[in-house]
Structures are given as C-alpha cells and as structure tokens.
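So here's one chain in two forms, each on its own in structure tokens, numbered structure 1 and structure 2.
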Structure 1
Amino acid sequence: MMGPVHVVLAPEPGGGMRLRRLDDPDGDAGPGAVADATAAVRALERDRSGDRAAVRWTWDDTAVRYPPLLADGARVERAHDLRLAHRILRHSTLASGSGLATAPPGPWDEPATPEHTPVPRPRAPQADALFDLRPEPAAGARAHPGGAPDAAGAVAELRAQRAAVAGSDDPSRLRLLLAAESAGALVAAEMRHAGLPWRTDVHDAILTEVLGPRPPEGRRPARLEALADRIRAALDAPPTLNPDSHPDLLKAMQYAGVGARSLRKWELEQVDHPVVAPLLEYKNLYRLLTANGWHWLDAWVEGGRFRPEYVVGGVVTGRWASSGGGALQLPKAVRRAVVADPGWRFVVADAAQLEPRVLAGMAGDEAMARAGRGGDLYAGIVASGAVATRELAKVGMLGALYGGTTGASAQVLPRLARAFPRSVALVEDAARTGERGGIVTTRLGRSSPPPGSEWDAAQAGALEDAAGADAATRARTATRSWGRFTRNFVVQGTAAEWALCWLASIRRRLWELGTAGPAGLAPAPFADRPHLVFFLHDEVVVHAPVAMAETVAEQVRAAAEEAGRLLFGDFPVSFPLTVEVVEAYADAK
C-alpha cells in the first residue's frame, strides 16, 4: 500500500484552482491548474480509493471549498482545514513557543472574509462587558486584503502548522485535535448538503393544530387572538392592550395587582392571578409562531430538507455554533415534522451524561468511571453511597461543572468531593486558574482565551487607592465569573472533542458500509448511502435505509467506543449511548 498523497487545493489568482502535491512542491498534482476542480478531485480520490485516506487534501476553508464539490456529487475522504487549525494552534498552550504562535497576526488570523462565507453572515457577537472575546487588533495588523491565500501561501501555512505541532508539548494530541476539527468541518458541509428531511405538511399541521390556520400577513392566528382577549379580560384592560408590548403589559399587570415584576415564565408561575394561565400559554404559542412558525418554514425548508449552516468551532469551547434557522435549538414541539424518507429511518443516538464521563476521563478518576459503568452515571453515584438520590447526584454534578454556589447543588458538592476527589479537584483547579486570569486547556489542546480588557480594568480598578466597595465587588464578580467560565471550558471543550472524534468515526464507518441498492431521495453522493443529517453537541441523527438501520446503530456505538479510546486510551471510562431507530425524530426519547 502506498502512503497517502498530500495535495493542496487553492484558488489561482486568475481564476480556476490549483492542485499541488506536497511531496513535489515545485510541481503540481496531475493537471496543476485546473478549470474543473471537481473532476480533478474526483479523479484523484478514485485513483487512490483502495487506500483509506489515500488523498489528504489541504485547503484554506472547508466551508468554502467543499460545498461546490458536494454540489457536483464529489466526496473527499479527508481534508485539513488550515483556517480552523490555525486558530487552534495560535492559542494552544501546548504550542505556545512555536513560530506560528509567536508570529504577528497575519491573514490566517482573519475571520473568513465575506467571499468566504456563502450564506448570510452571522451578526457580530455582541460585546459583553465582562466576556470580551474579540481578538484585540495588534499594532501593525491590517485587514486581510480579501483574496483567498494562493497555493504557495497555503503550503507555507501548512508547513508552519506541522512545525508547530511537531515542536509542541504533545504532538499526538494536537494532531488528533486538528484531524477531528477538520473532519468535523467535512461533516458540517455534508450535513448541510444532505439536509435534514423535513415534512412541510406535517409542520403546517402542527402549527394549524395549536395556533389555528395560517392568518393573513400581519394578523395574529386565531388561538393567539383568543388568548390575547382572555389576557385583557383578566387584567380588565382595554382592547388596545398589546400583549406583545412588554412595557404596556407590565403596566397593565401592575394596575391589576399582579405581583410579578417581569414577564419571565418562572416568575409568572409563582404568582396567583387569573392572567397567569392565559399569559403563559400566549407566550408559549407566540414563541412557536415567531421562532418556528410559517415564516421559518418559508425561509429554511426547501425541497423537503432543512439546511442549516453549522459553524464549526464557532463556540470558544470548540462546540459548534449555527447560523440561521436556529438548528441547534430545534424545539421538541416541531420535531414531529422531521420524518425519514420512505423506506428510510433515523438512527438517533445520544451520549448519556457525556460531560461528567469526560471529566472522569480527564481526571483519571477511577471511582467516577466505576459509577458510570452501569449506563446511568447518576444512578452509579447513588449506588456508590455518595448521595441519596439520582436527582441530587445530577444537580450536584452539574453544579460542579457550572460552578453553582447555591441550593441543593452546592450542598451536595462536599459529598461529591469526598467520593470523587480527582474529578472535583480538576474543575476546582480550572476555576482557580481562571480566577487568576490564567488559561486552561482541554484534553486535546484547545486553550481558553485570556480574559479581556474589561476584566483587566475591573481588577485594576479595585487596586486603585480611591477604589470603593463597588469597585471591589465588581472585581470580585468578574473574577468569579471568569473562574466559572474556565471551570466549564475544560469539560465542555473536551466533551466537544469527544463528539468530534465520534462524528469523524461515524462518518468514516457509514461510508465504509457502502451502498444499499436503489437511490433514495437524498442528494448524491448520499442517495443510496446512510449519512449524517443532524448533530447537537452530544447527539447525532443518521438517515439510513431501513435495511441498514440496525447495522448503522452498531457502528454508531462502536464509534463512541473509538472516541473514548482516542481521548483517554485504556482508561476504563465508558461512553454508553441511547440509540433508537425511528421514523420521526420526535419518536426518539
């Protein structure tokens, strides 16, 4: 078997694409500059198809380069995403001494330019006073001129990345992280290409059932209008009262003597007044209408598929974000509309108690790993004798992961600390590091950002001679808040790494299962193959021909075991899944 060939694919300044083999930096793979990149990619993938990952592509940005290939029905086995890798290496404490990390900011530090972003750009993240994560422009840094890096630039960047990894404190972990991140980018593009099967007629029926028929533009659906009347009646308010206006509604509620100071659900639930029931229901239906109503259907579902844009690494911790359509917040109420194609099924799998298990693995916590062996980690904690009930075990663990300081979660923390000292110490250490303004790093090497300028200012303010009590309070609040962030970062970030490895393994295994006879409704190259259609932090949905569903379920389980081994080697922490084969997403769980 030949080793893999490494091929850089980059745009030519004058148009078209260039394929350059890395082992032959002065020459070009096959045709060199090509007008039809798909044909060239397809030919090379086919020539080497006997070998797993026989072709290793490198390009600037999977989200830009891959969709056109997929549109032509071409799939690549493996592709290194330079921009995603650069971002990780630039900040990782494992590679902090590298040339890549110490160089002044360059084009690879720029976010993807508008030309790089095929779908509507997400709104700029709002600057939070405390968590200002936007990179601070260094002196001398200037905007990326706009054009994508050419082949020479991509080769140079790849070499810098390889050097940074090779010279790092843990090359194998970083190598795995970059491979997983890059594979995730392929999965994201493929899921968008394939789309999540969506039955517009079922969705419309759900809306009609709970809201009434679709009203003319600008009018309330009948059920909402009726609830608005009941709200007005309960408040003795005039017909002009608009329940969508918070100030008006709050005023009317105050006048009627409702003892709520906000319109939050949890607060309304605590007051006893006839307006509460219709108001809560109004808010419920209003949310469905505005977030996933007919407008959403018109905007996001086409040809029986929902195609969201996933933003790989879009969250600081390494989780994915999404842009448009709210793919990561699909409410349970509309999941009935997610129906598999005729003759196909969904294999829905979700990792049970992923974050505490990941914590056990990171901490080398044998006791916690043992508690997780039976499938339900929280039940295992109860069985260990540490706490009395499953609910306490759950809130206690979540409190440890999030930094909860009140209520039941804080009360059971000492008991958890006694029973699982290694796990608790790991998150406490991460919190202390953050409180000092330090940086924490995940299992595979993704590092947290340093605190922003607002944080520094708060700390400095408390040290000034004239500093008052409120300056001290502000500094303390900022300190603790950043500690909660770094505490959670290590666990959430490592869980995201596990999930990336899981996804990558599922993707490869599904492809290796091959085809299943006649083509279905999915687009090429997935028409006759099981394929991923949805991912949500610790959950995946595979769309598969009926006859293959059980095999797919087995492979998804095997992939979870593989992910555990990749991150934690022989350490005996398990990652059990809930796996179901269903026709509609709503039927899972």
Structure 2
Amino acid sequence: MMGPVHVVLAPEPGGGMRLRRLDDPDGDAGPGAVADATAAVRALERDRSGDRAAVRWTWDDTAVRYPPLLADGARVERAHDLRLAHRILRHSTLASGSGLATAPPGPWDEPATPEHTPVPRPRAPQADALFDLRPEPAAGARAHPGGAPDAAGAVAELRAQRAAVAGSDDPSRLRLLLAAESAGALVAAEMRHAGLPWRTDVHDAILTEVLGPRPPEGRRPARLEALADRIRAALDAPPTLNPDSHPDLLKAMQYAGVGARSLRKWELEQVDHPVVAPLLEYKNLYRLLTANGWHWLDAWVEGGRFRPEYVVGGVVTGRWASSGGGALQLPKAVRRAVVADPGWRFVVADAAQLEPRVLAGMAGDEAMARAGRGGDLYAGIVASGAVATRELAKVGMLGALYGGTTGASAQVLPRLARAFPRSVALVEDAARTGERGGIVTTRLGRSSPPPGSEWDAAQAGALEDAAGADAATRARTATRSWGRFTRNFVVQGTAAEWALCWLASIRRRLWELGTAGPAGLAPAPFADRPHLVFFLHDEVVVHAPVAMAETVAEQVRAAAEEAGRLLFGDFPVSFPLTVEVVEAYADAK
C-alpha cells in the first residue's frame, strides 16, 4: 500500500485547480493544473495499489465544498472540516491554552459562504479504521485576507488545529471528536444529496383527508374554516375575528370570560368552556398546514425526494439543527408519504434510552449499566429495587438529567442517588459547576459556553450594598437555570457524540456492502447502494434494496456497538436498538 497522500487542491489564478503537496506547498503532487476538480478527487480516491487510497480531504466547510462533488457523482471516504473543528477547539477546555484558543477572532470563526475559495486537501487515514486518530505535525495559522481562505491559509489553520490537539489535555478524545464531527458533515451533505423518498400524491391525500381540498391562495382549507366558525360562535365574536391572530383571539376570549391567559395547550385543557375543543383542534390542524402543508410540499419535495438542510453542530451541545424544511420535526401525520422506491425498503433504527445509557458510561456506573442490559433500562431500574414502577424510574431519571426539583422527580431522585450514586453525582457535579458560572465538557471534549452577561449582571446585582430581595431572587433563578443547562449539557452533548460515531460507522459499513439491484431513484453515487436518508438525534433511516435490508439492519446494530466502544472502551454499557424493515416510514414503531 502506498504511503499517506498529503495534497492541497488549490485554485489557480487563471482558473482551474492544482494539486499541491502539504509538506511541499510549492511542489506538484499531480500532473499540474487540472480543470476538473471532481476528476482530481476521483483520481486520489481510487485504489492505487490494491488497497483503499489513504486520503483525507481537508476543506473549509463540507456543506459548501462537498455538494458540487456529489452532484458530479463523486464520493469522498474521509474529510476534515476546518470550520467545525475550529469551533470545537476554540472553546474546548481540553485545548484552552492553545494558540488557536487564545488568538483574537479571525476568519475561521465566521461561517463559510459559497463565495469562499475551495481548498480540499487529502490527509492520510488508516485504511481499515473508522477514524484516523494519529497525531500529525503542527505549525501556525494564517487565512486569506478578507475571510476567504486560500490553500496556504487552510494548511496553516490545519497545522494550528493539530498543534492545539497535540498540546491538549487529552489528544485522543479530541481527535475522535473532530473526526466524528467531520464525518457527520459528510453524512449530512450526502443525505441532502440522496434525498428522503417522498410521495407527493400520498401527502396531498393526507392533507385533503384531514384539512379538506387544497384551497385557493389566501383561503383557509374547509376544515379549518369550519372550526374558525365554531370558535367565533363559542366566543360570540364577529365574523371578522381571525383565530390566527393570537392578540385578537386572546382579547375575544377575555371578553367571553374564558379564563385562559394564554393559548398553551395545558392551560386550555384546564378550562371548561365550549371554545376549548374547537380551538385545540384548530391549533393542531393549523400547525400541520403551516409546517407541512401544500406550500411545504411545493417548496421542499422535488423529483420524489425531500432534501432537508441539516446544520451539523447547530446546537451548542453538538446536536444537529435544521435550516430549512423542518427535518427534525417531521410529524407522524405526514410520514405515510415517506415510501421507499420500488424494490427498496427503509431500515429504521432508534436507540433506546440513549441519554441514561450515556450517563452510565460517562460515570462508569456499573449498577446503571447492569440495569440497562435487559433492553429496557427503566424496567432494570425497577428490578434493582430503586423504585416501584417503570413510570417512576422514567420520571426520576428525567429529573436527574434535566434538573427536576418538584413533584415525583424530587421524591424519586434520592432513591436513584442511593442506587446509582456515580451517575447522579456526575450530573449533580455538572449542575454545581454551572451554578458557579463554570464550564463543563463532554466525554470527547466539547465544552459548554459561559453563562453570559445576563447571568453576570444578576450575580453582581445581588452583591450590591443596596440589593433587595428581588435582586437575590433573580440571582438564584439565574444560578439554578444555568445549573440545569450544564447538568444536561454533558449528557446530551455526549449522546450527540455517540450518535455521530454511530452515523460514521453506518456510513462506512453501507458503502462497504457494495451494490445490489434494482437501481432506485436516488442520484449517483447512491442509485444502487444502501444509503442514509434521515437522522433525528437517536434515530436513523437507511434506504436499502430489499435483498440487502436484513444485512443493513445487522450493520446498523454493529455500528451502535462500535460507537459505544469508541466512547467508553470496554466498559459494559449497552446501546440496544429497535430496528424495523418497512416499506413506509409510518409503519415503523
């Protein structure tokens, strides 16, 4: 097998691209200028000596650089996303003394735009490993003036990142986190490229069944209009009352003596008034219309595919967000429209009770890990004798994770603390750190943000000589609120890291399964291969040929086990999955 390939694919001043060696930026690693970046990527991704090419592409932003390659049918095995990595290293307590962390804000702190110069660069991974975790040499960073990084700026930033990792408190943890985050960015781009199969005729039938036929522009569907009439009648309001206007609706409810001060569901359900039933139904149907109605269908489904815009690391804990299409909020009402291509199936998998299991692994809590080995962790907690019912086990665990201090949570938490002292102590310590204004860090090294100016002001206000009871109350409220945030940050953030490793492992395993007919409707390079099409925190959906579906299910399970080993080594915490092979997404669960 050939040695590592270290190359920058740099833009030429007169157009085209040139392959340049990382260790010798002035030397060509290829035949010189190339007019086709996709061809250059394919050339280096190809097997050169009977083994997989040892290449890791480095670029400023996967969401910008990878889609054009995918559009040309090219897939990369591994990549390093400089902006995602920079953001992690900038704030991680593990690398807080690095030059990268202490430098003033620069262009790498800004989000990428399509106008930035593309700077892919291969880096050598291990041929048979999920992640390349080997340390590499480092140097200082520099960026192209004006914020668009050139090849030299990208190389300098990569070296600064390597220096930050190499000099950190735990290089192996950070290397895994950066590799997992970058792999997640590849997955997100590939899922958008492949698209989630979507039947527009089925979706239209669902909307028609629930709302009535599609109305003319600017009009309500028939079902919503009928409910609006019932709301007006119950409130004795004029025909001009618009139930979509919260201020007008609340004012009409006040005049009618309804007694509700908001439109929150839990408050309305406690009110005895004829308007409550039609109003709650209107709210549910209006949410469907605005979130996934006909306008959504027109805007987001094309060619039988829904292509969501994921934002990797879009939440401070490392969870993904969505910048369009509501990918993380697909209601069950429309999932009947998610139908596999002919001859294909969906493999739908979700991790059971992910956050409590992650907590057990982080805390090294063998008692908690043992409770989860039977599949249902909450039932295992009951079997341990800590609580009497599964519902109490669930309520108590959610209280531990999210800081429940009242009701059943407060009653159950002391029992959990006695049965699982290591797990409860970990989240309690995280909460105390947050209450002091400190920073907490996940298993792999993502750190929480500081509490911010409002928190500082609340604490300072309580210490003033003339501070009264209100100032002390504000300070206590801010303190407890931030403690609840840091309590959950360490667990939710580590769960996000587990999910990234799971995704990366699934992605690699699916590609290694190869091809199988018949070809589906997904674009190249996934037309005849199983591929990921949807992700929601602890759930994945794979689109696979029928003949490969059961094998894919096995690989998804194996990937979950691999993710657990990557984060927690040999510690005996299990991550069982519910896995189903279905033709329509709505048939899962």
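Rigid core: the largest C-alpha set superposing within 1.5 Å between the two forms. Since the structure is predicted, the reported quantities are computational estimates derived from the model, not experimental observations. Numbering runs along the sequence of structure 1, starting at 1.
Novice: When you get a sec, tell me if the form predicted on its own is 1 or 2.
Specialist: The form predicted on its own is the one given as structure 2; the other form is structure 1.
Novice: Please check if Asp248 moves between structures 1 and 2, taking a CA shift of 2 Å or more relative to the superposed core as movement.
Specialist: True for Asp248: a C-alpha shift of 2 Å or more.
Novice: Determine, after fitting the two forms on their core, whether Pro213 shows a C-alpha shift of 2 Å or more between structures 1 and 2.
Specialist: The answer is no; the displacement is under 2 Å.
Novice: Please say whether, between structures 1 and 2, the C-alpha of Glu391 moves by 2 Å or more once the core is aligned.
Specialist: Shift at Glu391: below 2 Å after core fit.
Novice: What Cα shift, in Å, does Pro239 show between structures 1 and 2 once the core is superposed?
Specialist: Core-aligned C-alpha shift comes out at 2.7 Å.
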